[in-house]
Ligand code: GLC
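Before any questions on binding or motion, here is one chain by itself as structure tokens, the form predicted on its own.
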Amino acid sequence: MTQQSAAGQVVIPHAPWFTQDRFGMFVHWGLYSLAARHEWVMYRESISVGEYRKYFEHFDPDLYDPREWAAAAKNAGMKYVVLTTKHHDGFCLWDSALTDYKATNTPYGKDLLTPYVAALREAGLKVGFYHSFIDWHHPDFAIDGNHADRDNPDAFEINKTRDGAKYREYLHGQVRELLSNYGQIDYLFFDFSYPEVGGTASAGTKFPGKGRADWGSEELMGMIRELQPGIVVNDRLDIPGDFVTPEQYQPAGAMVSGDKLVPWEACQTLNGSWGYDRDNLDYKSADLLVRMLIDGVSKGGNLLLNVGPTARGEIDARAHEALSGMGQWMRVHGRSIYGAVATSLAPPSDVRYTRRGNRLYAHLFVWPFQFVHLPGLAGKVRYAQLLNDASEVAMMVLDPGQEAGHMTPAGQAPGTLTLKLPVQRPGVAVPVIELFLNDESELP
């Protein structure tokens, strides 16, 4: 359940931190990091369970130090971290009592979640887990079009031997372990349901989908609420969750379910791959990532930005560079992001507004020559400054007596506030002007 605050912000009542913090780190890490060519490598290359086992037998992340992950997240301005406890390949990062396919049985030989949780708590970051409904390793998970073994000609015969109830029991048991053995967990991201279409094998074979009945979603959510009352849960159980999760795209505006605004979080990658992908060089620049964060917050959303550590457990240099660039911007502009909400006031082209109390933040995606014109703000702003250095920005309102019809000689509508900017653009990814409002109730 969500509610809308007096200021128009959509909040999760049992976890108001979520829309306050705005920015988190996603971490996809597991056996696929050894393959180093996308986390769906087992599916993409139709690798059998037997062939894939070589990664299990060589998994030894000797450089794993989650305190370094936590430091990278914190330095980037992130407030929470979400780690894949089990991805679609079925490999578990913790010492689950329900399977042998886990980190403690690899050459590394230790539970990876215990130090992860401890490192986040030590750094003051919220603790999040990702958990996949899909499991290409489990003997009772029925083959479908989203399965690595989808092209097996005997798939339908094999499925006759698979017991969905047993897999559902396994799924619930593992979630119970995760939410019982590591103290307070703040965030849970499930992935994913596909009730309508189960996908198609390359030969054209169509499979049934999987959704709430297959996962036992209602019962599962009840158990989650009982074990961790303060946790936020995403929307991929095929039943409503606490927030919605657009993936790999930026929504055009605020997100609505029914006729109500809902909290949302865009999950995005640095280079198109969630898991470590050694030869993928398609990295987004820090400037672009900053714009994505701003754009999301201006529409009422969060950003969950992914890194895929190497098989030795380190965040690679390219990811560090992107995170560091974001951190430089966040260090001086964070107050335009944390706790900020959307406003229905229409910004000029190439400007994004966020608002926090009696302060409106104009993020300038393009630096104009000397003047920026803000419709509807004349008489509503008492002071303006560049946020990066708190230097004053001159304000003016053109003389209404000089209006020609409905437009001023400068081509601006009446009621427009004009700001005079320095010719030299500030040396930051996205300059921000902080506007102090006379009365916060004047703006929508």
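Only a predicted model underlies this, so the values are computations on that prediction, with no experimental measurement involved. Numbers follow the displayed sequence, beginning with 1.
Not pictured, yet referred to below: the form predicted in complex with ligand GLC.
- Comment: ligand GLC is not present in this chain, but in the predicted complex one of F189, F243, F141, Y361 has a heavy atom within 4.5 Å of it, namely F189.
- Taking C267, A311, V233, L323 one by one, only a single residue has any non-hydrogen atom within 4.5 Å of ligand GLC in the predicted complex, and it is C267.
- Segments offered: 387 to 395, 374 to 382, 61 to 69, 38 to 46. Contacting ligand GLC in the predicted complex at heavy atom distances within 4.5 Å is 38 to 46.
- Looking at ligand GLC in the predicted complex, residues R291, Y353 and E434 place no heavy atom within 4.5 Å of it.
- Among residues of the shown chain, E247 is one whose heavy atoms approach ligand GLC to within 4.5 Å in the predicted complex.
- In the predicted complex, H87 approaches ligand GLC with a heavy atom inside 4.5 Å.
- Although the partner is absent here, Y130 lies within 4.5 Å of ligand GLC in the predicted complex, judged by heavy atoms.
- In the predicted complex, ligand GLC sits within 4.5 Å of a heavy atom of F26.
- Along 162 to 180, a non-hydrogen atom within 4.5 Å of ligand GLC in the predicted complex is carried by no residue at all.
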